[in-house]
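Only one chain is included here, represented as structure tokens and corresponding to the form predicted alone.
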């Protein structure tokens, strides 16, 4: 009987582990502000889409296609450096493709994607912003979106939701 339980655990373990993200460790860090929106929440939001307003309807069409949104923000130097290392390792291990990078003052913005069904859609969008400033200027931001993401519409949605770094997604759309 123990052998059967062990076999069942070994078969299903990869599925259980894959539902978690390497970025989840930052949720319990007191130095990190985090926001996590699940697929269930997106589905619930899409049920309340007002009828008639075309722009709002487009937002809800995009929302309905999302699996999750995770945002992590810190101004702690050590945590920011750790976020950078975790993001770089994740990007490499998942073989994400760079969509855009930008350097402005001491701020580096990198946007990576996992390609989707065509050039306009991606399965995953990862944005990492790392500000190398000193003291209160130091900042690390990770934004992770998964689902069937329309690059032509996602920047408007993230701007509407006031997601940190959303202004860079509009540039990424133009550069794709």
Partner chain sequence: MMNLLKKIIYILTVCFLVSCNSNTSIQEYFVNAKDNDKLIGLDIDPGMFVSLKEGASQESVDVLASIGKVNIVAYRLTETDSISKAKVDFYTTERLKIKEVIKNNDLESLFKFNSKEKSVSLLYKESGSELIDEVIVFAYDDTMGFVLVRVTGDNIDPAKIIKVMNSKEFDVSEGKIKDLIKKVM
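Positions refer to the first chain, counted from 1. Here the structure is a predicted model, which is why all the values come from computation and not from measurement.
The form predicted together with the partner chain is left out here; the points below concern that form.
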Problem set entry | Interface membership of residue 63, the partner chain in the predicted complex, 4.5 Å heavy atom rule | no
For this session: Give a yes or no for residue 30: in the predicted complex, does one of its heavy atoms lie within 4.5 Å of a heavy atom belonging to the partner chain?
Result: yes
Exercise. Should residue 117 be counted as a contact of the partner chain in the predicted complex, where contact means heavy atoms within 4.5 Å?
Worked result: no
Exercise. Can residue 57 be called a contact residue for the partner chain in the predicted complex at 4.5 Å between heavy atoms?
Worked result: no
Problem set entry | Three-residue site 79, 84 and 92 fully in contact with the partner chain in the predicted complex at 4.5 Å by heavy atom | no
Seminar exercise, completed: In contact with the partner chain in the predicted complex (heavy atoms, 4.5 Å), from 107-115, 138-146, 22-30, 123-131, is stretch 22-30
Exercise. Relative to the partner chain in the predicted complex, which residues of 25-48 have a heavy atom no more than 4.5 Å away?
Worked result: 27, 30, 31, 32, 33, 34, 35, 36, 37, 38, 40, 41, 43, 44, 47, 48
